[in-house]
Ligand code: HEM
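Just one chain is shown here, as structure tokens, and it is the form predicted on its own.
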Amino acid sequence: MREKEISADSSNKLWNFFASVRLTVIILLSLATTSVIGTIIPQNESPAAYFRQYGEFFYRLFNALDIFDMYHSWWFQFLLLLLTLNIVVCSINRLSSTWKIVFTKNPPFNLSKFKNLPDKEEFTDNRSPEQLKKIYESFFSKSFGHRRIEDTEKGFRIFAEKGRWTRLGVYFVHLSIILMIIGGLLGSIFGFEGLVNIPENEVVSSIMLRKTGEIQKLDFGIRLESFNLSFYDSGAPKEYRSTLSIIENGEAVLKQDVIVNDPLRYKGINIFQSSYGTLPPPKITLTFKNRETGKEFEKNAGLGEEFDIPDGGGRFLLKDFKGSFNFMGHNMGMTFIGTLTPVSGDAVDVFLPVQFPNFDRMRKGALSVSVADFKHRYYTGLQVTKDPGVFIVYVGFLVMIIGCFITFFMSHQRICVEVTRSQDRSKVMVAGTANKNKMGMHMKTRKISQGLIGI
């Protein structure tokens, strides 16, 4: 028996702990503090960037505490689960008394409570209580869902109320918070965010996860049909547009243009335009010109290919390509980089901007090199995300709007009208109360009183 009492006492203490408002405040302060930290410390940057900024000691400490990806950390998710449990227990703890008020068939009626209200309205009517009874009953039937009429020795009284269900508004708010937390946790645990670069006319079916660098396979393929780029007069990019096709079983099932802030959505996966770049063709045509003889030679070459220059000019290695190349503070655009090794002398690096074919003529030497034929390909950089909890979050947001409207703008209103015979006339008392907006209820009581006088 003693063990059962101890067990029951422990259960009550645990229940009271989770139902504590103090626990709610502590959790909310903890979430607010961690959110501030997450704002100050950039999230999901590269380890090298964190190491340079904070040093080895703090990097290891913050990394062990998941500070660099805190919104997906186990302790942040634990705080959210604890807040959810706290809200559920608090709601259950207070729901029983509210439930009795909302769903009772015969709500209690305390006449003395209404008579003691300081803002009640009183007036006299020349008609008898018998005449007023049907008139008042019809009046209240238009505005109040629940009505009860009681006969008294000297007349009658009417008790009317509406908006009982509005007492549940706070539970709508609680439910909305729970839904948003659940949606956020689903997205955090089962969702992903990754990046992929797709050259024109190629298909990919996997992405690289942004947080871990792991490869995430997709249930379909993404093909870049074409990429279009437009510029302002200043030369800055104006808009870049990717025409994408979704490939399933070797066939295109969806085709759509994707621009910034206008993603493609398919099977719960969102595909955003995030970047772009250029790719060199497999082969380009290089022109070699002998400064002394004026002779020109052409040679087709690919990246990484080394070959002999005609007419004993030495050897040339086409070793790199830059989509954007900076030379002495100037952006030269797409540029090939090669190494020229003359028959006699040291090897030199040669920079070949596509837009400036005569650029290499500034270099001293027997030969000058330029790009004669070049047709580049674009690639599109896509951000691919999946968040299975986003719909639940949207539902929670909608429920919160409804709950807040009910909580702050609607109330449970109760009206009592007592009519007593006074000689050949009737004395009428009108009193009203509400669980919220007392001033508004006082004004409504006065309006009802004036309406009863006028009928």
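Predicted, not measured: the structure shown is a model, and the values here were computed from it. Throughout, we count residues from 1 along the sequence that is shown.
As for the form predicted in complex with the ligand, it is not shown, yet the points below apply to it.
In terms of contact with the ligand in the model of the complex, the residue from 30, 420, 407, 63 that brings a heavy atom within 4.5 Å is 407. The listed set 83, 218, 258, 158 contains one residue whose heavy atoms approach the ligand in the model of the complex to within 4.5 Å, identified as 83.
Partner contact region in the model of the complex: 166-174, out of 166-174, 202-210, 280-288, 353-361, criterion any non-hydrogen atom within 4.5 Å of the ligand. The three residues 20, 24 and 436 all sit with a heavy atom within 4.5 Å of the ligand in the model of the complex. Contact check for residue 309: every heavy atom lies farther than 4.5 Å from the ligand in the model of the complex. When contacts are judged by a 4.5 Å heavy atom cut-off, residue 224 does not count as touching the ligand in the model of the complex. In the model of the complex, the ligand sits within 4.5 Å of a heavy atom of residue 90. The ligand in the model of the complex comes within 4.5 Å of a heavy atom belonging to residue 94.
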